[in-house]
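Below you will find one chain, with nothing else, as structure tokens; this is the form predicted alone, and questions on how it binds or moves follow later.
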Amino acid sequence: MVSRQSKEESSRAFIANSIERDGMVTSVVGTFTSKLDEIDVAVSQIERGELAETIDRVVRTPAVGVPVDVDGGSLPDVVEVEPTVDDVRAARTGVTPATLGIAEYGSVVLEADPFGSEVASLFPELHVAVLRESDVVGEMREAFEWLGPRLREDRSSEIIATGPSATADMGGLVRGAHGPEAVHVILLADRVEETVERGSETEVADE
């Protein structure tokens, strides 16, 4: 995940990139959740310690997944984290961490890691992506500013996924043709954000 220094820089960017709507300044997280709603992606905003019960509530079983590295968060037993090929074929849900969220598109960035995040996010009918609020950036440009040095150094790759998979190549819109037919983003609170009136101070701080 991004470094601590990058997160602090992100918090400053968060303020700089707040969006004015109807006389109010809205956070990038607020913009992100609004965009997710527009592209028919479910979202749960939770506090620390609520991750396991939230995943347990939203998954369709059987489920496979990749361990999520967040403070106070773990996957419930219903998610198989060492799946066999048959487990992946049978899975209805894949649970993975997300590296970043991009507010302007409602996209999540998924690491193509050796733990199977790519497979778990693409094959099951439902993808559940777990993301910290502090890892949401406002624009695609900011995402590339974060990802560029990381990808060049590690020679790795990331997937930028926006909403459920859908195609209209054969006529009517068909979901799930090349990936999950449904997506659920779980946003884990790890900073305090306030929506304030224009001209007032915006505070962003770690809990």
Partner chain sequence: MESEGDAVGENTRGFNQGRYDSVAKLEAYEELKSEARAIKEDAIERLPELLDELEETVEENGGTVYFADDAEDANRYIREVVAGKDAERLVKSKSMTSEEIEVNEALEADGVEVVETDLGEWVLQVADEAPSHIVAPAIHKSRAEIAALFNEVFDPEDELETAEELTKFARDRLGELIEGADVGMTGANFITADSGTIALVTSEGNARKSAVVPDTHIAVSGVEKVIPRVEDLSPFVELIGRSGTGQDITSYISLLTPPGASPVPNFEDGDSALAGDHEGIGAGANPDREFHLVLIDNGRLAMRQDAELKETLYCIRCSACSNSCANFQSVGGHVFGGETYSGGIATGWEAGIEGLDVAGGFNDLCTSCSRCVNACPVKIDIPWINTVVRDRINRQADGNADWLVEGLVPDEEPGGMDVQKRLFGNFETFAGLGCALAPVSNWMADLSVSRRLMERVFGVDRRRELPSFQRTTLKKWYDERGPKVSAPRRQVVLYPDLYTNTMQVDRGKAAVRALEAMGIQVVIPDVRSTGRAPLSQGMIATAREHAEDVYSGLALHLDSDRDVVVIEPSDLAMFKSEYEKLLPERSFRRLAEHSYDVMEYLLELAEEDGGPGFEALCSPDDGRSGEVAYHPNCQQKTIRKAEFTVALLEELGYDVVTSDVECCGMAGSFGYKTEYYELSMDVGESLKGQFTAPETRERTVVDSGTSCHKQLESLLPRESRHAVELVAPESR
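Only a predicted model underlies this, so the values are computations on that prediction, with no experimental measurement involved. Positions refer to the first chain, counted from 1.
In what follows, reference is made to the form predicted in complex with its partner chain, a form of this protein that is not presented.
The three residues 27, 44 and 92 each lack any heavy atom within 4.5 Å of its partner chain in the predicted complex.
Shown alone here, residue 107 lies within 4.5 Å of its partner chain in the predicted complex, counting heavy atoms only. Put simply, residue 71 is far from its partner chain in the predicted complex: not one heavy atom of it is within 4.5 Å.
Within 4.5 Å of some heavy atom of its partner chain in the predicted complex lies at least one heavy atom of residue 86.
Residue 148 belongs to the set of residues with a heavy atom inside 4.5 Å of its partner chain in the predicted complex.
Heavy atoms closer than or equal to 4.5 Å to its partner chain in the predicted complex belong, across 89-118, to the residues 89, 104, 105, 107, 110, 112, 113, 114, 115, 116, 118, ordered by sequence position.
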